[in-house]
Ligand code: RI2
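Below you'll find only one chain, the form predicted on its own, shown as structure tokens.
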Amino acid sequence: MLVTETADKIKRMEIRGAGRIARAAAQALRDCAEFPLSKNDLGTFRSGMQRAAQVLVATRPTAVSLPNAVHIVLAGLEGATTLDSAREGVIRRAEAFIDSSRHAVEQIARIGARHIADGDTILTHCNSEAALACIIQAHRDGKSIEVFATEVRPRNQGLVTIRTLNDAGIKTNFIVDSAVRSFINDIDLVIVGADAVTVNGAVVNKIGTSQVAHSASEARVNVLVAAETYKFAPRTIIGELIEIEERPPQEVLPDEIARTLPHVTVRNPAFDVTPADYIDLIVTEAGAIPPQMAYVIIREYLGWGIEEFHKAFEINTRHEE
């Protein structure tokens, strides 16, 4: 698939979900490397791959999985001295990332399912591949569970969630987002996904997640976040904030209605931030950790240690000057 076609599908949310977005970007870069515009110029190939990466990363600013995946794949260019070695490096790393991403979800499912008890009623918000994998694995393990799934306005991702749960044979209740507080006392465990995890363990996820987690905290219901290690955000170590994407107002209010309301501004943030205090456990393919250990994941699995911190801080300071 062409990079521009993939980028357009990501931007229009035809491809959705942080893991799926990351794999789609890796696949697009792989295809771009396999059929480069230049057949004999390493410099042109390198700059072309970097431009392709910029196009992909610009589509969804909040999903850290996207730039992390692109960074991992383009690392295949490092040390390449010929066009062939550069192409092979990118293709190899893209294929490895796609394969490891799929296996990560399988491992998260096995770990997450252990934290679901027989008889649990679970609440999930939005359509998370990793979160659903945990729930479905628990069902496959023979545990009797029931799920409450939110509608997820304004794009209705909850419809995808309830179809997945229905097809898996899991008893499911479909509720509007604002009904969470009404049902939270019937819930034993909240399981959600993540688009990004910061160094202090805060989680960026679909808008409404923080309200779900707050309600769960008040009701003393544990909140479990399912997230692959490549969803952790290294640059939050140096204080960078994750940009919260604001999507078109037409998703909330059609133009024909908006035109009759000249004094109304429609706000449509796609994500919010859930503080680490509202999260009990983050399940990754590397294991289940308390949110306060997010730095360990960034250091051990994304290659950001104290040296990288100082280097990035120096670069950031020079830019500010």
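Note that this is a predicted model, so its numbers are computed, not measured. Numbering starts at 1 and runs along the sequence shown.
Unshown form predicted in complex with the named molecule; subsequent notes refer to it.
Which pick from L123, A130, A216, A138 sits with a heavy atom within 4.5 Å of the named molecule in the model of the complex?
Only one listed residue qualifies here, and that residue is A130.
Partner-proximal stretch of 140-148, 113-121, 189-197, 234-242 relative to the named molecule in the model of the complex, 4.5 angstroms, heavy atom:
Only one stretch qualifies here: 189-197.
In the model of the complex, does A18 come within 4.5 Å of the named molecule, counting heavy atoms only?
Although the named molecule is absent here, A18 would touch it in the model of the complex, with heavy atoms inside 4.5 Å.
Is there a heavy atom of Q157 no more than 4.5 Å from a heavy atom of the named molecule in the model of the complex?
Contact check for Q157: yes, within 4.5 Å of the named molecule in the model of the complex.
Should F271 be classed as touching the named molecule in the model of the complex when contacts are defined as heavy atoms within 4.5 Å?
Judged by the heavy-atom cut-off of 4.5 Å, F271 is in contact with the named molecule in the model of the complex.
Indicate whether K206 is a 4.5 Å heavy atom neighbour of the named molecule in the model of the complex.
Yes.
Quick one: name the residues from 44-76 with any non-hydrogen atom within 4.5 angstroms of the named molecule in the model of the complex.
Contacts from 44-76: just R60.
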